[in-house]
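Shown next as structure tokens: one chain only, the form predicted alone.
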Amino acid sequence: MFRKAVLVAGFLAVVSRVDALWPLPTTLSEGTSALRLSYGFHIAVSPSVGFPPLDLTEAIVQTQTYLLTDDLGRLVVGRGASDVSAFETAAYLSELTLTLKPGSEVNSITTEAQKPIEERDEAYTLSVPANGSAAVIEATSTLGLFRGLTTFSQLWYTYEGTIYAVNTPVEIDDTPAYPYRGLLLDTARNYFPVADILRTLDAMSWVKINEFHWHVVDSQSFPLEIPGYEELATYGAYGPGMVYTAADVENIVSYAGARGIDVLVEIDTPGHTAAIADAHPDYVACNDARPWADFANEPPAGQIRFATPDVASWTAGLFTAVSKMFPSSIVSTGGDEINQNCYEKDEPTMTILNATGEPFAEAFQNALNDFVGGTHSALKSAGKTPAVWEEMVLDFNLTLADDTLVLVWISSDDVKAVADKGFRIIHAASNYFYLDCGGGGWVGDYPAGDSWCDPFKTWQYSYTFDPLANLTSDQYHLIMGGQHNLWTEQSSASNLDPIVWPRAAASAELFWSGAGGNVTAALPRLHDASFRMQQRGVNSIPLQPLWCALRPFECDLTW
């Protein structure tokens, strides 16, 4: 599954011309000739594609729109004025052709994006001649064609109405180093309107992130309307206008799929479930118990009574219903931050555990194993692969299927222990990939408080992460990829874009291009990606003063 990305040698040579491409392609050959985009430019589909799926047609239209409306001046002093002498006599490109290799199956981009992660085919080649003859994107799937369109759209700048590239001929052969490249968004601590989620999906697609990990519910609110379990959102959402209806989910899943993104939904259990008590108070232990810090990591306290057979059966049914809403092959059952004190103080739970005649630790472990086994059995019956947080593997000796995906979040130091147990791993470590770290404390009546995962995680720090650190070569195949995570105690739609972008692009390149990228060489390209996001309506924050962005390397400490 893993391969070492083959990067272009000589980073100074790379950044002098390819300031645009993010993530960096596997292999890249480029020239120094300018090329203009013809006023009659169009994207054609070869007969090998047959009748193009609707989402591929829409992607073509969207790419053409970006080319005409990005209006991005090149990030150099003069914003492209110095390029005029090069492009005013350059050839015009009139056509980009999309073609599939012989024998390729023609599916929609959505169908390809929602395949199991090990089956996704995102590879493509891109050829852009300097003489104006047709450019070509070739792939073996429509998803690969879509990734190629994304790369193609990053080559172009605008100066006084002329749309041009500066580095043709271009030859690219590209495929991701890891099949999973994600972004987690928590929509339970604070609600995010659908429009903001859709805009985030757009930005994800521009940097080839392919997994939207939707942490949709938590103890603070339950905004997901699930058929047959509607009461959870009716009573557990912040309000009737802060609910994701079944139609909303269908819209988000469809929008994501058309952009090459799968939606992995998480219903965290048995912890982080206090909101269920709003509809089913008898299902939840230590509901709103005080002081909350004795019973939960965050207020309000409350965890479902997983040892109660009726509650366990109800929860398994909940996951069956959720599975029908999300076509992804993966569903997360969570499993982090279980507070055992909550259950030790809960009479109904202790009555059940004591009746086993086993010591508390053993009875607790067995009951939890039965509970997780039930939810995962429901997922398996629905054709899903379960995902869990690392505690399910490292803190509890549960019987989990070999194909269970484990997200390591507490520390990257825990990856080795999970790999030693043979599970596939998704990197999500708080010490590298938590976007909320460094925001200061949010707990009231505690002015000295800081965020628990200080310091702020810069894009540079995330970019230097080694996905294979401490592993043996025979464990490399267990690494599926990784993701940035936004927990939203202090975030909402008002600051979504600035806190995510462009930092989350760092892991997008890390897990597409492979580890070992040069931070100094990457900065001009990330500037370009961020500025292009702004042109497309995403409020990506500056990485440096504009003076620096227009003068690569001149703001380096040792320049």
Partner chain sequence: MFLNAVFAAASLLAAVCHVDALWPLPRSLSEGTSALRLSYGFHITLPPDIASPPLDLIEAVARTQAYLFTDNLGRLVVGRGASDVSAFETAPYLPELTLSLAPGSTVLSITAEAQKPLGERDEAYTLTVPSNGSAASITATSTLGLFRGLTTFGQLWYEYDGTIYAINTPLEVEDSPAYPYRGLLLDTARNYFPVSDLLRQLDAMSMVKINQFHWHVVDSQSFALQIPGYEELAEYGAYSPQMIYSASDVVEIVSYAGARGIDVLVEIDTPGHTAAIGDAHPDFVACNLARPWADYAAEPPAGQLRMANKTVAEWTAGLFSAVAEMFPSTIVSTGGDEVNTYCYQEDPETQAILKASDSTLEEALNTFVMGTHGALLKAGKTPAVWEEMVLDYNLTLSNETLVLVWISSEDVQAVAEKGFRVIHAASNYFYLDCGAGEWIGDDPSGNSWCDPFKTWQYTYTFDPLANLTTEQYPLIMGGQQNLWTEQSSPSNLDPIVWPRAASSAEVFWSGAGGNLTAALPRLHDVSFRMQQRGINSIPLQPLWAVQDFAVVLDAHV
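Not measured: the values here are computed from a predicted model. Numbering follows the first chain given and starts at 1.
Another form exists, predicted together with the partner chain; not displayed. Remarks below refer to it.
If contact means any heavy atom within 4.5 Å, which of 520-528, 505-513, 52-60, 36-44 contacts the partner chain in the predicted bound form?
So the stretch in question is 520-528.
Whether Y238, P291 and Q490 jointly form a contact site for the partner chain in the predicted bound form is the question; each needs a heavy atom within 4.5 Å.
So, yes: the whole triplet contacts the partner chain.
Quick one: of A195, A247, V443, A469, which gets a non-hydrogen atom within 4.5 angstroms of the partner chain in the predicted bound form?
Exactly one residue meets the criterion: V443.
Note which of T27, Q64, Q534, S48 lies within 4.5 Å of the partner chain in the predicted bound form, where distance is taken over heavy atoms; exactly one does.
Among T27, Q64, Q534, S48, a heavy atom within 4.5 Å of the partner chain in the predicted bound form occurs only for Q534.
Hey, in the predicted bound form, does K208 get a heavy atom within 4.5 angstroms of the partner chain?
Looking in the predicted bound form, residue contacts with the partner chain do not include K208, since no heavy atom lies within 4.5 Å.
Can you work out whether L543 and the partner chain are in contact in the predicted bound form, taking contact to mean some heavy atom pair no more than 4.5 Å apart?
So L543 counts as contacting the partner chain.
Even though the partner isn't displayed, in the predicted bound form is E171 close enough to the partner chain, meaning a heavy atom within 4.5 Å?
Judged by the heavy-atom cut-off of 4.5 Å, E171 is well away from the partner chain in the predicted bound form.
Within 4.5 Å, heavy atoms only: does D450 come near the partner chain in the predicted bound form?
So D450 counts as contacting the partner chain.
Need the contact residues for 452-470: heavy atom within 4.5 Å of the partner chain in the predicted bound form, sequence order, or none if there are none.
If the 4.5 Å heavy-atom criterion is applied to the partner chain in the predicted bound form, 452-470 yields F456, T458, Q460, Y461, T464.
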